[in-house]
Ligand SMILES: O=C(O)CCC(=O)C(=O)O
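The chain that follows stands alone, in the form predicted on its own, written as structure tokens.
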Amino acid sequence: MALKLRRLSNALGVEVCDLDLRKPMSESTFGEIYSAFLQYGILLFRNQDISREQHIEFSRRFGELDDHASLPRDRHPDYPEILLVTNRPNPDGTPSESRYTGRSWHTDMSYTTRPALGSLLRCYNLPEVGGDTLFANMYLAYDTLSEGMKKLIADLHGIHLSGTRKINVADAGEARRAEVMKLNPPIAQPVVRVHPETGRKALYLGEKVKRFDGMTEEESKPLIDYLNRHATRPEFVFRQQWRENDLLVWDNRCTLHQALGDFDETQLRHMERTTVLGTPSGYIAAA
């Protein structure tokens, strides 16, 4: 029986309808799911009241999972495969480290030498209104550039940095800054990445990129700003309006995303993410 798919936007994404991830899944069914993942970039599964173990088990079908060693403060204390994206205070009453996670345009784990293949984000709790997430199609972003621009950026590498949340690590002092730099040194990634499965070219930038390798920030900024604005034009974007028990899966190799702070931060927004490791990419760059 073929999957029932519903388009989410003209740019990217489909909802996979009438599928219960708590039930056993055949290899042929997962093969259809994975084909849709490669074709549309985003898969939405509604009404998935799954356990953390089931979340992890389904995620493993996409590939090897990250243990989030580069983000030790954000991972679940009992499930290292799960990254917390929450504004729930810590047990000692201090603010959550991950309350501002994802507020800039980015692709997951781009600041490592094995950036994410995919991410699977489950929604547990939502504020009364807001808390949406935007996604941009980076195939379209690349395809719609002029031939001259494609030649200009063909061999450039962007320096991807961790610690670019709304509350910058600089606010936490030298010790925290040193910890972040040790865990996540600057990584140079190609500005144009070839998707290892589809063979298509996609832009690979985002707001974690502050300069190009071999160039200063001042020299790099105009082009980076242009490319990021171009990549996130409304016609390339899908807006996910979350519901509790949504599970959203996206391909980090051809999308950018941004969590919006468009909600009352005294209300709980709690998400949990698994991260599927991708193929090696990039290299450690000079700070």
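Because the structure is a prediction, the values reported are computed rather than measured. Residue positions are given as counts along the sequence shown, with the first one as 1.
Although not depicted, the form predicted together with this ligand is the subject of the following passage.
Looking at 188 to 196, 136 to 144, 212 to 220, 103 to 111, the stretch with residues near this ligand in the model of the complex, meaning non-hydrogen atoms within 4.5 angstroms, turns out to be 103 to 111. The candidate spot formed by Leu121, Trp250 and His257 lies fully in contact with this ligand in the model of the complex, as each residue has a heavy atom within 4.5 Å of it. Interface residue remark: Ala11 is not counted as part of the site for this ligand in the model of the complex, having no heavy atom within 4.5 Å. In the model of the complex, this ligand lies within 4.5 Å of some heavy atom of Val85. Mapping the unseen interface onto this chain, Phe58 falls outside it, with no heavy atom inside 4.5 Å of this ligand in the model of the complex.
Taking the partner from the other structure, this ligand in the model of the complex has no heavy atom within 4.5 Å of any heavy atom of Phe62. Residues His257, Ala259, Arg269, Met271, Arg273 of 251 to 276 are found to place at least one heavy atom within 4.5 Å of this ligand in the model of the complex.
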